[in-house]
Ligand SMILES: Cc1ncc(COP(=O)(O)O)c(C=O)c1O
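The data below hold one chain only, encoded as structure tokens and taken in the form predicted alone.
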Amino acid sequence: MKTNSPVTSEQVRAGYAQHVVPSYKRSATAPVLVRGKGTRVWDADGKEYLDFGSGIAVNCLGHAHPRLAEVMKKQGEQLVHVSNLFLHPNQAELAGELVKRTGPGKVFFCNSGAEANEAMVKAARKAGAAEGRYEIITTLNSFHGRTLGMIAASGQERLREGFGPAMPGFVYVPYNDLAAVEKAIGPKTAAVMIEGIQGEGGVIPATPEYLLGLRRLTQEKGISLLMDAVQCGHYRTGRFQSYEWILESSGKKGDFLPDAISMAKSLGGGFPIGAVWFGIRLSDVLSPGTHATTYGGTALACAVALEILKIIEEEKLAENIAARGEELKKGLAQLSGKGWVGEVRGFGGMVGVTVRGKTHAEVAEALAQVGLLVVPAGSDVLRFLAPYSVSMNEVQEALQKVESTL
């Protein structure tokens, strides 16, 4: 399909080379995208792609959803931004919707996943300050953001290289290892922070025993349990939070509710917004003057997030992505052991495949050449992060493109 792009791919690549900081590793043939619709995007040369990267788990409704375009226009004509010294209806309504879907508590709004995780850590430290508790236990292979605080929180040494000294106060233990967490807890421990599914680390889900054990252990020790749900939350697995799906699919519906949950990515469907749900333990810890952000929870961002929740519910997209994810996993599993396809894992719109015999970057580039966009993760994993509206036919088309690269 022709895109009528006013520029060529060569012009855009030259502009990036001259004016854009080279902080992302892009292949020399990375497509120059100019238009999208639903699950598909087109580059400046008119080539069509099936987008199973979704802006790294952001575009939950795909591209150019007409209702999102309309709400942006409507809200943009009314009120875009006011200081958080004042109030507006959209923020109160969105906070209420998030609390309703999670549990009793309150919501802090920000602009990104890293900011949301920073807010969680600050709240946990503030809650433990009187007892001298400030350490946060996180897991090896975790990823919590790119700020100085969150590269210190992430359990990947490579993220801290060249940015030392690292912020102190973080202790790393193996993921899915409850005994390691228990051993690491000491008089300085304020919280444990984990991802329900390690995304950047390679689509590695928490086990139900690990989740339930962490909740029991943190309650016994009187410390906070923080969940980084930036990538795996907001219906990406087919449930509002990944821990709901993990526990439900295992038949272990134990009493599980963390003390805080960070959100971003799918929360705004491409429009920048982040948030933290704080349970009762932490809901009033961040008192006036202790934390803030200028753009957190603007009228426009909240209007978009509210519309996304309505669309997901009205169009039954949580159910859809859960079903389509199982179809994708089944199809990939049938290819497992052939060519580059290795182990398949994940849920719903967050499926990972280990790569054999090639690098994940090489395979991602090969898939782009046949019109399928996916996202590398960890050292050897490709993520399939389809929008929630993906169809059965599009899943089959993606599988055919995978098979054609084998």
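The shown structure was predicted, so the numbers you read here are calculated from the model rather than taken from an experiment. Just count from 1 along the sequence shown to find any residue number.
Keep in mind the form predicted in complex with the ligand is missing from the figure; the text below concerns it.
Quiz prompt | Residue (of Glu200, Glu307, Glu135, Glu118) lying close to the ligand in the predicted complex, criterion heavy atoms within 4.5 Å | solution = It is Glu200 that has a heavy atom within 4.5 Å of the partner.
Quiz prompt | Contact residue in the predicted complex, chosen from Thr218, Gln91, Gln241, Ser112 - any heavy atom within 4.5 Å of the ligand | solution = By the 4.5 Å criterion, the partner-contacting residue is Ser112.
Self-check item: Region of this chain that lies against the ligand in the predicted complex, out of 289-297, 308-316, 225-233, 97-105 [heavy atom, 4.5 Å]
Solution: So the stretch in question is 225-233.
Exercise. May I ask you to check whether Phe278 falls inside a 4.5 Å heavy atom distance of the ligand in the predicted complex?
Key: It does not: once the ligand is placed as it appears in the predicted complex, Phe278 has no heavy atom within 4.5 Å of it.
Exercise. Examine Gly145 and determine whether its closest non-hydrogen atom to the ligand in the predicted complex is within 4.5 angstroms.
Key: Yes, Gly145 is a contact residue.
Quiz item: Can you check whether Glu195 is within 4.5 Å of the ligand in the predicted complex, heavy atom basis?
Solution: So Glu195 counts as contacting the ligand.
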